[in-house]
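Only one chain is included here, represented as structure tokens and corresponding to the form predicted on its own.
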Amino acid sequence: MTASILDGIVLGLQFGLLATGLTLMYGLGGILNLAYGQMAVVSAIVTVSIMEAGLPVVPAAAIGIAVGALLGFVLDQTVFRPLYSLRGEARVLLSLLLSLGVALMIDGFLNWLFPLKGLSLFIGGGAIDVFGEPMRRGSLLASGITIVAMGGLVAFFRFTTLGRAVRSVIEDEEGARLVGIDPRKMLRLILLLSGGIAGLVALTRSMVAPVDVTAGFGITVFALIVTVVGGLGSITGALAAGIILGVINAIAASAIGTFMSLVILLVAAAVTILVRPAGLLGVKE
């Protein structure tokens, strides 16, 4: 049981970080990006391709993360541009359709060009004892990187002027506009940031399990579930929900199988919507 809990925390930290980009994107701009997992996969494939070309892992990883951020910027300037003139449900529904189309195109392209390629970063060295259970160094390193990244995001949104501007748009877009904050620029920043987060999660995930060209939709589904449970627009909610659901997923997978564990997570998301629509730490309407 302890081993399953520790594995779940490792997984939950990664998907809590991933959900941060998704929840901020929806909370700020009312956009649901179903191509989010594919952004992570693109970063992973770029990273492994650069490593195969002979570049060391650290600069290759940095380029992979930068490509994820660049992909977010490209989406902002192209596919998502028609969304900004819409409001409410129309924006949400169109974002679902457009991002699903992007996801399918990226999946098709990657499966055609790199059908067998995947990123797996092996961290050498023996296992480390944690609460009486051996933990791989890759899992511990991935968790450490994720915690530092989450801490940096929390500090950015709480203590910097730009971060507070983003939060003000999430809380009251019209009020933020009246005091001179451009919601459009804030959304562009979040798309850049979310793409970089997706790339970072792909790298940390690859320290635990391979990230291949088929992983995109699975990553998106888990991120959506964490977003719903954690609460839209809440970074700490995403992290808390990620850890909770990661532990539930790991225990359920070891007890009854991977397929049923996903069903349990979907039920948890549905119950959250019924009992607390704002999520664990989301802002109530």
Partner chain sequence: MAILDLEGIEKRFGGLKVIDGVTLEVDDGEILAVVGPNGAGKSTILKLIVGLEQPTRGSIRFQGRDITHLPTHRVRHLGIAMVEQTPRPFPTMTVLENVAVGALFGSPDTRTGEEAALAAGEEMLAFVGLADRRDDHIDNLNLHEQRFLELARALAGRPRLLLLDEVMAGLNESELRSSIDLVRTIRDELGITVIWIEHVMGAVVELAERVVVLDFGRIIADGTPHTVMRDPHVIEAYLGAAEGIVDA
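Computed from a predicted model, the values in this text were never measured in an experiment. Numbering follows the first chain given and starts at 1.
Unshown form predicted together with the partner chain; subsequent notes refer to it.
The shortest heavy atom separation between residue 159 and the partner chain in the predicted bound form is within 4.5 Å. In the predicted bound form, the partner chain stays beyond 4.5 Å of every heavy atom belonging to residue 117. In the predicted bound form, no heavy atom of residue 126 sits within 4.5 Å of the partner chain. The partner chain is not shown here, but in the predicted bound form it comes within 4.5 Å of a heavy atom of residue 172.
None of 98, 208, 176, 135 but one reaches within 4.5 angstroms of the partner chain in the predicted bound form through a heavy atom, and that residue is 176. Comment: the partner chain is not present in this chain, but in the predicted bound form one of 106, 165, 83, 150 has a heavy atom within 4.5 Å of it, namely 165. Of the candidate stretches 195-203, 107-115, 88-96, 176-184, only 176-184 has residues whose heavy atoms lie within 4.5 Å of the partner chain in the predicted bound form.
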